[in-house]
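Just the one chain here, laid out as structure tokens, in the form predicted on its own.
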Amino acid sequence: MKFAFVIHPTSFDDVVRYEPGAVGKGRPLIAKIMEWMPAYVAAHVTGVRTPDGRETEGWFVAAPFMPETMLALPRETVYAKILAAIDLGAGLGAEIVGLGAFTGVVGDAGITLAERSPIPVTTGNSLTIAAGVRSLLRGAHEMEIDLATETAVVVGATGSIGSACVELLAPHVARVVLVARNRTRLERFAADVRERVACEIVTTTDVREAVPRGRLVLTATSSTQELIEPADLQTGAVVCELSLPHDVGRRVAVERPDVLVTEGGNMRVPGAPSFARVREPGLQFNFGLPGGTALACMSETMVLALEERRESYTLGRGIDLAKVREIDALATRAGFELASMRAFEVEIDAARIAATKAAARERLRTFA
């Protein structure tokens, strides 16, 4: 069974990766050109092979908009380009399609697109959630954090990804601080989740006030602005990013060497995957990730194709935790695993982790 996955640039760095011809052009011009650009087939994906010999192939199909443009344009205009991209994938033989980045956020998070699509649709959020929580817990282990006594902060806690992450994190920690913009929705969600978890649940709409309260921070927002700054973070904190564009500013990497930031949604694809550019033969499509690595939302789409699951698996704002656990198990069986830790386009190896821990110890001594 074949798949398609809808992509779009989430930053101007992405624009240059997607379209080398954009180098040197001004940002306003690039944004306007992308409004006019039709959907197109960006890459042909081959070589995805499970340990038990199952294979799939697919295509990355582009709906060229910037995130800000998707939020500003009429919804039907945005839907039209996404559906044009889906039609391209279906025409190539795809039997399921994934929605990447803001294409899975705009409107009702895929429900309307699934109703209009010729093939089943998934946002990929279920595997993104599983991978994100695993990544945060891995980072906490590397930083030798005692989870049972710690506070976790979830920014974007009422969103489809954030709300599920809250419930998966709650059994591991003493307290979870929920952060979201809409106070009414936040309090309603907090009251609901308190009935199902044993840890303390705290709420706030103020990111600046919330982030310093926890050594574990997970971000899952649809913001187009950087939300977390160097001064916000505790010494030795671990931050897992599930947001595209990213919520953590690059200044954190420079000014806070004692903090471990990791992109939570990256997975190593089994086999010998190739993401061959369609319009530039011989070149690989560059997502800014190491070879053989894909985002978890892409990986969910691949897993469903490998399992021959012709169904709209993850849609809408509400996430079924049973599906999160199911797709996590299916991905593991298929040979998908967490990619090595990475942040700000740099791999986090053992030496980097050791340096981060040493910087945290020094900062604690300095400010003691």
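Note that residue numbering follows the sequence shown and begins at 1. Computed from a prediction, not measured in an experiment: that's the story for all the values here.
The following text describes the form predicted together with a small molecule, which does not appear among the structures shown.
Engineer: Give a yes or no for residue 88: in the predicted bound form, does one of its heavy atoms lie within 4.5 Å of a heavy atom belonging to the small molecule?
Structural biologist: No - in the predicted bound form, heavy atoms of residue 88 and the small molecule never come within 4.5 Å of each other.
Engineer: Using the partner position in the predicted bound form, report whether residue 221 sits within 4.5 Å of the small molecule, counting heavy atoms only.
Structural biologist: Flag for residue 221 set to yes.
Engineer: Answer for residue 145 alone: is it within 4.5 Å of the small molecule in the predicted bound form, judged on heavy atom distances?
Structural biologist: Residue 145: no contact with the small molecule in the predicted bound form.
Engineer: Contact between residue 102 and the small molecule in the predicted bound form at 4.5 Å, heavy atoms?
Structural biologist: Answer yes; at least one heavy atom of residue 102 falls within 4.5 Å of the small molecule in the predicted bound form.
Engineer: So which stretch, 158 to 166, 272 to 280, 194 to 202, 230 to 238, is the one near the small molecule in the predicted bound form (non-hydrogen atoms, 4.5 Å)?
Structural biologist: Within 4.5 Å of the partner lies stretch 158 to 166.
Engineer: Scan 173, 211, 259, 180 and let me know which has any heavy atom within 4.5 Å of the small molecule in the predicted bound form.
Structural biologist: The option sitting close enough to the partner is 180.
Engineer: Could you work out which of 297, 113, 252, 136 is the residue within 4.5 angstroms of the small molecule in the predicted bound form, going by heavy atoms?
Structural biologist: The residue from 297, 113, 252, 136 that makes the contact is 297.
Engineer: Could you tell me if all three of 125, 128 and 265 have a heavy atom no more than 4.5 Å from the small molecule in the predicted bound form?
Structural biologist: Checking in the predicted bound form: 125, 128 and 265 are all within 4.5 Å of the small molecule.
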